[in-house]
Each structure stands twice: as structure tokens, then as C-alpha cells.
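One chain comes next, on its own, written out as C-alpha cells in the form predicted on its own.
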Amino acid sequence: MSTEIQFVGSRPPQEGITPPLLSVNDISVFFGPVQVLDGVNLAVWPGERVCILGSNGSGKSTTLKAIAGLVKPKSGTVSLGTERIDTLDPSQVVRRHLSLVPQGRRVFYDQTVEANLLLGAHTRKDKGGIKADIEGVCQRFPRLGERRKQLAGSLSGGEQQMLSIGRSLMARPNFMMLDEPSLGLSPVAIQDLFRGLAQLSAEGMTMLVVEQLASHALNLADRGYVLDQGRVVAMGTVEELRSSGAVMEAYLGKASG
């Protein structure tokens, strides 16, 4: 797919007034000789819900992995507040209260629900707080509470996604990134998932979401970026993205239905 549109919507209203929570500045990522990201820029302000959209192979997941420290940019910087984090390892990024809910859920199937939640708190030492947070996750997701001693592999896809989000919450993030959270879920589970994400946002969680189902992502988000071949080719509010027929047809068409 070509990158001919080059549509850019209005700048975020906070720009120039308050500093962003996350700044991704001109990052490029290579896997061997193959360039996957080519000068990606994006920003997220505290309390925002921002989505990254695009076709398969456009660089969406790699962008999240670069922010989380799982891959290292060849050039460019990633900052959380005023601190550069592109030089940190993933556990150090988590300690800055930024967490990633990975694509495919990545739960430990042979461990119990409770053990998976405990693994989410591996950077913490406050045993009392960890115990209280497990109770909090089970209250937020009652089905996890009911299955607390079950193996994670026995859960449905929707329940495993709840567990993946709950495990992420155990690190006490104020910024959560989610990579294709609806992947492999039933329509009912997807509706439950996005209701839960909207509730987290209402409680103050800042979010950056990669999602193939553009309609769900745009219903959740305040703003969005569209990637194609490792480049940002469109950005703007969800209303601007929806109203751009060229963007919808070229990049969001089938995914938005």
C-alpha cells in the first residue's frame, strides 16, 4: 500500500499548553536489514485514549514494543514525561508505571489465575499492597475471582484477556498500552472488553491501543494515528479520521465495519 494520503488533522488541544505523558520522537526500528518503523512520531497526554490503526504489517505492534523497551530503536527517542525510556529495559519501564497488555494475551496456561496475577507484580515488594490489588482485580473481574484457583489454560478467550489486563494492573500503571486486545474474541467478549476499557479510562487510566477493529477503537479513543509501512500517514481526532473518506477507504475500510 502506498503512503500517498498524508492526511494530518488538527493538533491535540493540549499541545503547547501541557507536556505530554508520552512522546515518541522520530523513531526508526530495523529487524535485521528490514526497516519496520520509519520516523514515527506520536504523543499521548495524561488521561487520553489514543488508538493506532492500520493494516497488518504496518508497524503498530512494533511501535508499542519500542515504547515498552522490548525492541530498541535504531534512531529517535521515547520519553515518559521528561525522562527518556528508550534506553531502559522492560522491567525498568514497568517501574515507571507504564504497562503493556500483549497481543495474544500471553497468560501462563499451566499457572493458576492467582499465580498469573502475582507475576504481574514482580517488580513490587509491598506484600500487603499486592494482596489488596489481587482482591481489587477479582472485584473488577468477578469471573477471575470465581476461577482464582483454576489454571489459566482452562479459561475462555475473553477470560484470558481479562486476566492479561488484570495482570497488567498489578503493576499499578497510570498508562496502559494494549496490543490487539480483541484478537480471537467472540463478539460478546469484545463488547465486554471495550466496556471494561471505557471504565478504566473513566477512572483516569491513560491508554494507547493498537486495534484491527477500527470501529471499536474509534468508539473508545479521543484521537488516533494511522500507520502504513512504518510511517504515520494520518492523525487527528476520531471525528476527523471518520470524516476523511480517503483515510477510511484506504486504511480503515474493512476493519471499520
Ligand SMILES: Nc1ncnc2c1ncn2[C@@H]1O[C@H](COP(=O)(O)OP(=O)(O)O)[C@@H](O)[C@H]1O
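Just so you know, these numbers come straight off a predicted model, no measurement behind them. Heads up: residue numbers just count along the shown sequence, starting at 1.
Omitted here: the form predicted in complex with this ligand. The next part is about that form.
Note on the interface: of 199-207, 29-37, 213-221, 42-50, the segment with non-hydrogen atoms within 4.5 angstroms of this ligand in the model of the complex is 29-37. Contact annotation: of the candidates 112, 174, 103, 77, the single residue with a non-hydrogen atom within 4.5 angstroms of this ligand in the model of the complex is 103. Interface membership of residue 69, defined by any non-hydrogen atom within 4.5 Å of this ligand in the model of the complex, is ruled out. In the model of the complex, this ligand sits within 4.5 Å of a heavy atom of residue 61. Interface residue remark: residue 55 is counted as part of the site for this ligand in the model of the complex, having a heavy atom within 4.5 Å.
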